[in-house]
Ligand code: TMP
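Below, in structure tokens: the form predicted alone, a single chain.
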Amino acid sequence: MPKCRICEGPVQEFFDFGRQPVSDVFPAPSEIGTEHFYRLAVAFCENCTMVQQLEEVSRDRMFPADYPYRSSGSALMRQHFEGVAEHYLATELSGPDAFYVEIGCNDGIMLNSIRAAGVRHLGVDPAEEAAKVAGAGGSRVYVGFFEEPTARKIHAAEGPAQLIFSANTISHIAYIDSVFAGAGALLDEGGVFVFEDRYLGDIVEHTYFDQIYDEHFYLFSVRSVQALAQRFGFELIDVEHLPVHGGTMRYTTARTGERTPTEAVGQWLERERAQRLWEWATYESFANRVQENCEGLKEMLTRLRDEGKRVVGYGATCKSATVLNYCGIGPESISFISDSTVEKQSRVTPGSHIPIRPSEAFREPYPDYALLFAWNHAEEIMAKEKEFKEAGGRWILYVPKVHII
């Protein structure tokens, strides 16, 4: 039996999504056949409760220099990070000569707000093209991966950080021991290491199975992060549930004994206990629902195709890779996927090879149905595409169950 990457206890596999491609590498049509595949299987550790993948994709494959995702593409996320920046500028970064470090800063969606306030800052991101976008706005970015040697190098050049922040990144890093060691080396006394990631409780409750893909190596819960922090000399001192991405938890950690935990930590641990999030049977039930959803989606798409209906996809997301490849959905069911990210256009989806076209193609003319892969931005997208509904178009969603809007 394989061992837990956190506590080295035994882990038990609860779902195998089979052969999957790297989710955010969109090949050109001429590159089909050159893709890297791996086995996407997820397991549960009954000791520390960490949910994790059993096979690791190398970080250089997942996060190359031309990594295409841009955080600023969503108005909702821009608004979210403006609020996050405002909060920390008034709390952790209010002192003289405060220093802020962001792990996985991407195109500077959060970093630029910190810079605009005049706070010393440094983003760390391996995606050179995204870092250039952040740098063009005036923000300072170190191009590379955050780990202990990187943190010590930053400390030597810049001094200690009062706040290390990361959003939708820490769960991507299999070598998380080096990340915490780096945070410990870089943080000032009393400083905090804060990270936001998709919350396991929401994924299980709502059957958000497509949140499981190569980048999401870990699926965090309050209890598993508490155990993780303790293992590396940190303490989980606060948690806050956020609505973004279908359910996100913000975890605030500090070196053990430097800060007093809030009541929220204990309250969320009780919620997880009530949800049975620490029990193997919960993951067996989740696996059954995933299978039902996939079968239901395939049956619906087959029926619509047989009826002569035109179906396109909306949002060439990382999440879509899991759905398309596990369910065996290709261009015979979905003619193309519309996406506003220029770097993805004129390419194909990884593994399933569905063409990706610009947003304008969605309206030329409107399809009968649109399969919404970017469901975590459903409200924003449906408001933007209200004319699709007015023209008689209908949205297909596959979580928490397969249904049509």
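Values in this document were obtained by computation on a predicted structure and should not be read as measured data. Numbering starts at 1 and follows the sequence shown.
We do not show the form predicted together with the ligand, though everything after this point is about it.
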query	finding
Steric status of site, the ligand superimposed as seen in the model of the complex, threshold 2.4 angstroms to backbone or C-beta	open
4.5 Å heavy atom contact, residue 74 and the ligand in the model of the complex	yes
Close approach of residue 224 to the ligand in the model of the complex, 4.5 Å, heavy atom	no
The ligand contact in the model of the complex: residue 245, any heavy atom under 4.5 Å	yes
Contact label in the model of the complex: residue 346 to the ligand, heavy atom within 4.5 Å	no
Triplet 338, 341 and 380 all within 4.5 Å of the ligand in the model of the complex via a heavy atom	yes
Candidate from 42, 374, 354, 57 lying within 4.5 Å of the ligand in the model of the complex - any heavy atom	374
Residue stretch of 316-324, 231-239, 257-265, 85-93 approaching the ligand in the model of the complex, non-hydrogen atom distance within 4.5 Å	316-324
Residues in 40-69 with any heavy atom within 4.5 Å of the ligand in the model of the complex	69
